[in-house]
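Only one chain is given next, in structure tokens, and it is the form predicted alone.
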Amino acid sequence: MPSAVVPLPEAAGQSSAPPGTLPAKSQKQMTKAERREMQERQRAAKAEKATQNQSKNSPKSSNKPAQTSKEGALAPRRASKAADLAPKGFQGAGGQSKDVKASGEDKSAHTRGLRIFSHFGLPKPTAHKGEVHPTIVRLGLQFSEFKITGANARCIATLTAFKTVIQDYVTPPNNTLSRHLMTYLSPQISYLVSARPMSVTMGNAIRQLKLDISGTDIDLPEQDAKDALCDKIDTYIRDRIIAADQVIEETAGNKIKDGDAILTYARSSVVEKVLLAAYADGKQFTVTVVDSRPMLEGKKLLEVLSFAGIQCTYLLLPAVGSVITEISMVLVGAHSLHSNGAVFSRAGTALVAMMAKQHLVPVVVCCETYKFSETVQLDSFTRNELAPVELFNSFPQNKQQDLSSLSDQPNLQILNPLYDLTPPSSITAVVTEVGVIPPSSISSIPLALGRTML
């Protein structure tokens, strides 16, 4: 009796497979490489099926080859690169010329922005919180237009404006003057800072004013308290600025001898007073005024000294090397004085000081102690201020048209930093109201004044 052949389940499942093919394995019997290969085949099949469905829906795209998933991912990147490489006037299919033009304008604005100098002090928007006194608004406008320049002039103008603000101030009910006045002065200070970055002298003066306000007696009548604060402001101006300048005039004037050739850079109010006082004492000397763009402050100093009868010579900064050998002493001012002995002053002062040191010419800095800052500054890049191009023309007056033509250049940015840092190694001595101090002993100024903070 013949035996019946019963098909196995595996063989029954493979009955439709073509002859000559290996039987299919389950996922458990597959290796990792085989499973990965199977997944890739499945993905490719899904992608091919999706492209076939798209070709059926859109007959126009039936002639285009099917794109894989990688090509589809790279397509947006290629399109963006093509848009970046296209010229500004290029108009592609779809009317994308506006987008290309906008991207070109963004690139030009980014190039002209010089982001490496974006931390330099620039005029900020005048948006402020709180009420701003009209006197402060007028003073901020004068600061932003450089009608008032110089550390001493700005500090005196700020304190004088604060006197008017204090006199017009009225303490609200259920408040004290010593507490609420500090809050009232905050928007005034913020407005001045938005007009132009605060100088070290203004910061020290405002810090002293806040200290005086916090120490006001609560039981004192309001008008008497305001009068006392105004008297303290007048005392600060008289003692720390006016009287200090008089002492510096006498001390630095004694260093000037008959026949000396003095060189000064830009314009410093203290140096101007020293030279005028020395000439009034009957000393005969000559002054070389070195100047540079964009502010050309030396012209004002030259006018004052020439009117007084002092023999002067005027030249620009690049010509310092031709006259430095004939100079007997360099007198310069300072914007601020730092604890490491460095002097922060008008841009170009460091070049004059280093040139003088190279030729063994003494460099004397005239500076009041209220310009002292306890910070340590090593360069003029971390903190500086830019002169606005609109106010100061960087080109000669007979070439006014060059400024408008050059300002339209997409790859040109006019940069006018106002200050630089003179290292203590290039300074011989600093003349202050507490005496002549070497740069290595600048940090002892607070102790010489009998206090730990200025």
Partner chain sequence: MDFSETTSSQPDIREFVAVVLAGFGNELSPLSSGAGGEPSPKALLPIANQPMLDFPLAWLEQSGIKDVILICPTAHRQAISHYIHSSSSTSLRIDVHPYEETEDLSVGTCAILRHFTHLIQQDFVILPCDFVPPPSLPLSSILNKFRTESISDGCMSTACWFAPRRSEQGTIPDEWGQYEFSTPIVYDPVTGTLLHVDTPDDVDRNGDEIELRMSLLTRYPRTRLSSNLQDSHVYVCRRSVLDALAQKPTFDSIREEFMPWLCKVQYQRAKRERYGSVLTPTTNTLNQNVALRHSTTGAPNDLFSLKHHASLGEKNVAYSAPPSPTSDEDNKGADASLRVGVVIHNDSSEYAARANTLHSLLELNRSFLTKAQWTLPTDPKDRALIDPKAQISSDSIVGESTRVEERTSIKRSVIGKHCMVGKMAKIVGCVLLDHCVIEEGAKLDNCILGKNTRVGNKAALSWCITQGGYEVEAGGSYKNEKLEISDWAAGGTSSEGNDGTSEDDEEEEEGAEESGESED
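Numbering follows the first chain given and starts at 1. These figures come from a predicted structure and were not determined experimentally.
Only in words, not in the display: the form predicted together with the partner chain, which the text now covers.
Asker: Out of 206-214, 303-311, 316-324, 332-340, where are the residues with a heavy atom within 4.5 Å of the partner chain in the predicted bound form?
Answerer: Contact criterion met by 303-311 only.
Asker: Please identify the residue among Pro221, Gly282, Pro134, Gly259 with any heavy atom within 4.5 Å of the partner chain in the predicted bound form.
Answerer: Comparing distances to the partner chain in the predicted bound form, the residue within 4.5 Å is Pro134.
Asker: Considering Met198, Ala228, Val247, Leu276, which brings a non-hydrogen atom within 4.5 Å of the partner chain in the predicted bound form?
Answerer: The residue from Met198, Ala228, Val247, Leu276 that makes the contact is Leu276.
Asker: Should Ile148 be classed as touching the partner chain in the predicted bound form when contacts are defined as heavy atoms within 4.5 Å?
Answerer: Yes, Ile148 sits close enough to the partner chain in the predicted bound form that at least one of its heavy atoms falls within 4.5 Å.
Asker: Answer yes if any heavy atom of Val365 is within 4.5 Å of a heavy atom of the partner chain in the predicted bound form; otherwise answer no.
Answerer: Answer no; every heavy atom of Val365 is more than 4.5 Å from the partner chain in the predicted bound form.
Asker: Please determine whether Tyr184 contacts the partner chain in the predicted bound form, using a 4.5 Å cut-off between heavy atoms.
Answerer: Tyr184 belongs to the contact set for the partner chain.
Asker: Contact between Lys255 and the partner chain in the predicted bound form at 4.5 Å, heavy atoms?
Answerer: Contact with the partner chain, no.
Asker: Could you run down 149-180 and flag each residue that has a heavy atom within 4.5 Å of the partner chain in the predicted bound form?
Answerer: Read in sequence order, the residues that approach the partner chain (within 4.5 Å, in the predicted bound form) are Thr149, Gly150, Asn152, Ala153, Ile156, Ala157, Thr160, Ala161, Thr164, Asp168, Tyr169, Val170, Pro172, His180.
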